[in-house]
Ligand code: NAP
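Take a look at this single chain, the form predicted alone, given in structure tokens.
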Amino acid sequence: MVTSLNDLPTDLLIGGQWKPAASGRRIDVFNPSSEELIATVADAAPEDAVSAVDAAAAAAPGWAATSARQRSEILRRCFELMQRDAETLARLISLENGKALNDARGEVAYAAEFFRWFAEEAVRINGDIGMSPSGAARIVVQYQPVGIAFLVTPWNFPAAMATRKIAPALAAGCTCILKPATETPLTAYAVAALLMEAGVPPGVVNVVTSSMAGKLANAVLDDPRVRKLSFTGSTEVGRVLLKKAADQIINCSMELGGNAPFVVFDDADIDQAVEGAMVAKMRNGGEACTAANRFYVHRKVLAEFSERLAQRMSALKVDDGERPDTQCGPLVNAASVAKIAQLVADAQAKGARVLAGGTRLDRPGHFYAPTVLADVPLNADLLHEEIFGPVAPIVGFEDEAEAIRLANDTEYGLVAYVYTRDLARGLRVSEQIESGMIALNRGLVSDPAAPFGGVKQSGIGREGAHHGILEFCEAKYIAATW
């Protein structure tokens, strides 16, 4: 049980043992709210990655042979332990990630649900049996574990992105190697400690942190024993990993970047739309692949929506993420602040007006004021790049066809938000927007019971729902006569 930073393991987890990196190097972990050093963790070298694959391979036959009920009970215990330690985990997330404590609490609850959901799915991996059309044989289909899985997670949801991958992998009978982001490794180690406490056998889950991400990934993906890659992160890195995985024909699930449109029609409930916008834009301070990135508002309600959103954004309390009354914490690092500042400056130079924010905060930490921009021109960079911060650019539109065209004017297709009182219009527009997920009159789309994933440059495969466990399974067909 982890109750404080002093209890937290910070070495590599390989084969059920906490081990220093072979190189002896460490990675510094900083608090984004204060820029203070809070801990160091082991910095894995490629040889450590090979050791992790060895451990996962040794544990694989035994774990795959466990009953579905046994795997289910262990995952259920993981859920219960995360609930028990929810406040400690939330404070740890806020400390190393910077997100507001209430957001961190929400993440822990969401992360725990993946253990509960896949505990239930573990016993429902059903096959098929039928007769071939010719009558010559019976068609028997079974689902088996895909094999050793390499799980790569980002810094923005350090608990939820880990559990969203670990839970279905374990439920399916796979062993795994988790590589968390170096900005937020502490949460991953805390979750790993809970997994061990819950009874996950040694070697089934291994955790390696590394500042040499490319070399470590190459070492893992070059190993023919590794049969699955599940990655959440940028499209740019995803492309590199897909190319590497092709060398061994590794099964891949990729949850990549987003550029979510938020469409408000003239018949929308503006109160509801503004509330939804605050959730869709400001969950995790805008540092989410699902964050509303482009606001397209019908010109009849453009002024009202823009003014009210600016009022709400201006009123947010921006402070240290660990303070209980903070509503918007810092960005994760200085580079993120610099990127946001550049995107806002570019939009202003091209004619956008600042309705709220638009500035860095002059204080320690990586803070940028919640920002609303009006009259944003279509050639502004922030309409074509993933903002990943608390900035809401607003563009007006005239009719439904224009709204759909603008929403689809991106290489990404992860999530879209649509607000209208007309259900027929809402469903019609939802079907025409090129996106893996649609939130219709809602500001939140994520749910462990729903298939999460995108189209186009936003990824391959789905996480959550029954689809999520099948990503870690192979369908085996047996032609049988009896």
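Start at 1 and count along the sequence shown; that's the residue number. Just so it is clear, the structure is predicted and the values come from calculations on it, not from any experiment.
If you look for the form predicted in complex with the named molecule, you will not find it shown, but the lines that follow are about it.
Colleague: Among 132-140, 396-404, 71-79, 213-221, which stretch sits within 4.5 Å of the named molecule in the predicted complex, heavy atoms only?
Modeller: In short, 213-221.
Colleague: Taking 4.5 Å between heavy atoms as the contact cutoff, choose which of 414, 52, 418, 44 touches the named molecule in the predicted complex.
Modeller: Of the candidates 414, 52, 418, 44, 414 is the one lying within 4.5 Å of the named molecule in the predicted complex.
Colleague: Considering the named molecule in the predicted complex, which of 147, 257, 389, 261 comes within 4.5 Å of it through any heavy atom?
Modeller: That would be 257.
Colleague: Is residue 234 close enough to touch the named molecule in the predicted complex, meaning at least one heavy atom pair within 4.5 Å?
Modeller: Yes, residue 234 lies within 4.5 Å of the named molecule in the predicted complex.
Colleague: Using a 4.5 Å heavy atom cut-off, state whether residue 153 contacts the named molecule in the predicted complex.
Modeller: Looking in the predicted complex, residue contacts with the named molecule include residue 153, since a heavy atom lies within 4.5 Å.
Colleague: Does residue 161 reach the named molecule in the predicted complex if we count a contact as any heavy atom within 4.5 Å?
Modeller: Judged by the heavy-atom cut-off of 4.5 Å, residue 161 is in contact with the named molecule in the predicted complex.
Colleague: Would you please decide whether residue 302 lies within 4.5 angstroms of the named molecule in the predicted complex, comparing each non-hydrogen atom pair?
Modeller: No, residue 302 stays farther than 4.5 Å from the named molecule in the predicted complex.
Colleague: Between 320-352 and the named molecule in the predicted complex, list the residues on our side with a heavy atom within 4.5 Å.
Modeller: Contacts from 320-352: none.
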